[in-house]
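Form predicted alone, single chain, as structure tokens, below.
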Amino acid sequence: MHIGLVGLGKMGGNMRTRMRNAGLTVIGYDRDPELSDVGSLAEMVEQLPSPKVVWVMVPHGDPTHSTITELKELLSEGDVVVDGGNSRWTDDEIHAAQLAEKNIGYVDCGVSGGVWGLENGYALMAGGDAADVAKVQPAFDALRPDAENGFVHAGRVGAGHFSKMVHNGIEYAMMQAYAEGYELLEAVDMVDNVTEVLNSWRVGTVVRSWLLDLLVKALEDDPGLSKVRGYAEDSGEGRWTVEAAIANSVPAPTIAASLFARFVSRQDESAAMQAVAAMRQQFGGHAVRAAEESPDVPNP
């Protein structure tokens, strides 16, 4: 199989290598000439035999929109575009309709595996028409962990990214639960070695997981996590999961709470808790700390 790959960053670059290791011919394009195999999208498309398959691996939003718009002008009937980035599923419907004007197929694919995917393979969740998915199948087979696991044709266009979005929402909640457990273990004086406690959970327990493996590795590399600030961004999928839960009347309190915990991590001061403290003082005369007062200093 020949395939074009647009975007050769951390994920895309490793995917190019894994597909090449499996025997596929991959022609990669990136704006960084040090990474790119060709000088332009047009040059990449020109080197692909028909039907052409182009996998897009760029950030969601405008970068994906502009790439697919350009590819529409370069590709022809029967070709297929795969969006393997973290696009919102509603964008997939727009992109599929856009490409359908020239009878170009569209497959959305949620990709999980991160920087470890080169070695371990990627979990792939595809959405789209079965005929279009079939044209991409050799690439899916090269990228998945093995012949039996790690790939699903989840449904129609949008189903792949929707499935990956829910996967990431669950990931938010799992990470938050591990983090809260870690903090509680650190807060008591009866546990002598928190890292070893967490390490003991990695085999034979119901909470074992790859995320737990990564937390233990992080603690072994940086005991106490002294090199890391407690500030966590969100890449969008957690928000979209909560929004989809609301739209479909599905209660998702754990995922929502884990998303809000990330918002809290970015606050140097909480306006909400300032309001709570002020109201407690107003209705009950409760002591408050002055704005400049250290939290380690008792109230007078």
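Predicted model, so just to flag it, every value in this text is computed and none were measured. In case it trips you up, residue 1 is the first one in the sequence shown, and so on.
Not pictured, yet referred to below: the form predicted together with another copy of the chain.
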Of the residues 94, 214, 134, 100, which one places a heavy atom within 4.5 Å of another copy of the chain in the predicted bound form? 214
Pick from 154, 118, 142, 74: which residue has any heavy atom within 4.5 angstroms of another copy of the chain in the predicted bound form? 154
Would another copy of the chain be touched by all three of 258, 264 and 271 in the predicted bound form, meaning a heavy atom each within 4.5 Å? yes
Give a yes or no for residue 281: in the predicted bound form, does one of its heavy atoms lie within 4.5 Å of a heavy atom belonging to another copy of the chain? yes
For residue 183, is any heavy atom within 4.5 Å of another copy of the chain in the predicted bound form, or not? yes
Give a yes or no for residue 276: in the predicted bound form, does one of its heavy atoms lie within 4.5 Å of a heavy atom belonging to another copy of the chain? yes
How about residue 129 - does it come within 4.5 Å of another copy of the chain in the predicted bound form, if we only consider non-hydrogen atoms? no
Another copy of the chain in the predicted bound form - contacting residues of 46-83, heavy atom within 4.5 Å: 57, 58, 59
